[in-house]
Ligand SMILES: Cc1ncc(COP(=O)(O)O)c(C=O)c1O
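One chain comes next, on its own, written as structure tokens: the form predicted on its own.
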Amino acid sequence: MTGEEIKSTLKTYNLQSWSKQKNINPISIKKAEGIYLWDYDDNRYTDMSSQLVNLNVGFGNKEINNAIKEQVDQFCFVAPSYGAESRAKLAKKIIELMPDTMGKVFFTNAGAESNENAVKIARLFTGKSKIFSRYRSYHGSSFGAGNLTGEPRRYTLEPGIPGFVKFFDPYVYREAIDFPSEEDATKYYLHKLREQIQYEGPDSVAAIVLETITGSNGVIIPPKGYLPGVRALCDEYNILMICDEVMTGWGRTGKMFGFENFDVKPDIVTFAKGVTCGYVPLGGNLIY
């Protein structure tokens, strides 16, 4: 097919996500390598976003390509009740990268699924039902993860699932209050979060879910002391701290995981994207 034929066929038969369909004009890609993509007219484009913030090693990585081919020749899939060398090696390697509070990996297919499983684990472990997450967050668009999400992409899921409670993240740059310091901002936001926990009933709150650094809603870095303060509130009220590292994991913040920049140890970490750099679908939960 030519590039124009591909574009025409896509526009006719494919519902393209996050796009108004009427005037959509996708670029047909013929090849890709490293950080570059080429269309069918041999125009070269630079990928400035790592696709969906996931292609950490770029296109066409030979080591990953060869590993996928080797696995396909052995078998493409085996049920979780069976042992697979690749699954065992990856689980061990991931746990070795984590702090000593993490003991096992539960593998999933994607980030949204990881976040939904984190909610289920928190509710089962604590026996409590309410889940706190932030308004400017994005945790996925499936029904459970979409209820965790705090930004407008959740609207189509509403009225949604009972028990999901939203609170504001510390967006100091756009706050109406002029704080003298980051520490003062942290004190204010933690006080409001404590107050909200108390009004929701600490005995009903199972988990607080946070993107370690807010991703698609502004790349909002928490002020000094904020994440340790959330950790302290979770410890005080027997609430699990869940860090969504789908975007920030696997080296995207200068550390292997974003939470390592803030001297905290979450109870559950969710991941996807960079763990395979988009070469195959994979996500997971890291738990104690």
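Start at 1 and count along the sequence shown; that's the residue number. Only a predicted model underlies this, so the values are computations on that prediction, with no experimental measurement involved.
We do not show the form predicted in complex with the named molecule, though everything after this point is about it.
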>> Counting any heavy atom within 4.5 Å as contact, can you tell me which stretch out of 94-102, 193-201, 78-86, 107-115 lines the named molecule in the predicted complex?
In response: 107-115
> Contact between residue 138 and the named molecule in the predicted complex at 4.5 Å, heavy atoms?
Replying inline: yes
>> Residue-level contact is defined here as any heavy atom of the residue lying within 4.5 Å of the named molecule in the predicted complex; does residue 230 satisfy this criterion?
In response: no
>> Considering non-hydrogen atoms and a 4.5 Å limit, does the named molecule approach residue 241 in the predicted complex?
In response: no
> Taking the shortest heavy atom distance, is residue 269 within 4.5 Å of the named molecule in the predicted complex?
Replying inline: no
>> Heavy atom within 4.5 Å of the named molecule in the predicted complex: which residues of 207-230 meet that condition, in order?
In response: 211
